[in-house]
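Given next, in structure tokens, is a single chain: the form predicted on its own.
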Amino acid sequence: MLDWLQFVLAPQVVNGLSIGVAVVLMALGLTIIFGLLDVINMAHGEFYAIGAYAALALIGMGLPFWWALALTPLLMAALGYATERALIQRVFNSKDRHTLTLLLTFGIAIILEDILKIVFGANPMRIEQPISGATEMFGLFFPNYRLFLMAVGAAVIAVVWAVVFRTRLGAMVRAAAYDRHMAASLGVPVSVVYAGTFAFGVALAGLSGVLLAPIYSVFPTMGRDFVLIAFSVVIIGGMGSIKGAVIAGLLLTQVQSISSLYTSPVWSDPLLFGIMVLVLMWRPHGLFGRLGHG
């Protein structure tokens, strides 16, 4: 029994945690965009893929991985800001806003995916892991890069939480999410806050792409699989809830990782969506409240 816990279960838990923090980062961007803008961003998976390709391009230009890790979120934030200003803001005040933004972001996703195919081709690419080797813990060896990924992911999650709930900027964001008209009357630049929040969510998706690129292959449709998991995390955790996204993301990736010991990988998605259905039957609004009500 102890051998099973040490050599079978423990590695799966670590693998699940390393993937879980990246999924949480991606889901955080999705849930913050929904919590403030009330926009279901169907292009979030493509922004994740663009983040991975941007890192690939920067490394191809001769920059080390660490520069790509630092620069890619900034480039993605600029892309997200421009997308919100140029496209989403134009339909935001429409009475059919939910339908229009859903269709608009779905169209953006298709265009971005095709652009990636044209520019980079359909063949998978790979980024070499910047940290090699393994560290011995409790008699087991864990890959150093996965430990690094968990540390960076946990730090970013903590920073996002602190900014949203412990700073004046976060208070302005939550005020705009709760009642944008009242916030505007108090001097909050609501349109700038909306664009900045969308850019921040896109930057988190891009950061997830960079962090996971050395583990998975990089290809134009890579965002589809992760965006399904991210949407499940957001729905189970509660649309717009940061706490819910973190808890649901870590739980779901652990369930996926541990269940792979006993079931075929083809059952991974049915299991995940089955959990989502059960949670929604019990709590139709997810496990936790929304960002604007936090």
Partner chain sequence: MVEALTIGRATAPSAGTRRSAVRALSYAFFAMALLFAAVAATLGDVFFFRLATEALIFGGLALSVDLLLGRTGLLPLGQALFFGFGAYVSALTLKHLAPSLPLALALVLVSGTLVGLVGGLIAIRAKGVYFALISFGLAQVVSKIVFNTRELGASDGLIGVPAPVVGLGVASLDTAHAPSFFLLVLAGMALLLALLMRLMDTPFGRTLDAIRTNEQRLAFLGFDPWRYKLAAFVLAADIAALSGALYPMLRGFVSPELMFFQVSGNAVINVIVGGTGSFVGALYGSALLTALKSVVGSFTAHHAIAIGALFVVSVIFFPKGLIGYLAPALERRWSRR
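Source: prediction; values computed, not measured. Positions refer to the first chain, counted from 1.
Missing here is the form predicted in complex with its partner chain; even so, the following discussion is about that form.
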### Query
Closest heavy atom of Arg224 to its partner chain in the predicted complex, within 4.5 Å or not?
yes
### Query
Does its partner chain get within 4.5 angstroms of any non-hydrogen atom of Met276 in the predicted complex?
yes
### Message
With a cut-off of 4.5 Å between heavy atoms, is Ile108 one of the residues that contacts its partner chain in the predicted complex?
### Response
yes
### Message
Please tell me whether any heavy atom belonging to Leu9 falls inside 4.5 Å of a heavy atom of its partner chain, as the geometry stands in the predicted complex.
### Response
no
## Note on the structure
Heavy atom within 4.5 Å of its partner chain in the predicted complex, from candidates Ile131, Leu79, Leu87, Ala175, belongs to Leu87
## Note on the structure
Checking Leu102, Val156, Val163, Val190 against its partner chain in the predicted complex, the residue with a non-hydrogen atom inside 4.5 angstroms turns out to be Leu102
### Message
So, a 4.5 angstroms cut-off on heavy atom distances: do all three of Tyr53, Leu74 and His181 pass it with respect to its partner chain in the predicted complex?
### Response
no
### Summary
Here the chain appears without its partner; judged in the predicted complex, the stretch of 244-252, 265-273, 23-31, 59-67 with heavy atoms within 4.5 Å of its partner chain is 265-273
### Task
Select from 224-248 the residues with a non-hydrogen atom within 4.5 Å of its partner chain in the predicted complex and write them out in sequence order.
Arg224, Asp225, Leu228, Phe231, Ile235, Met239
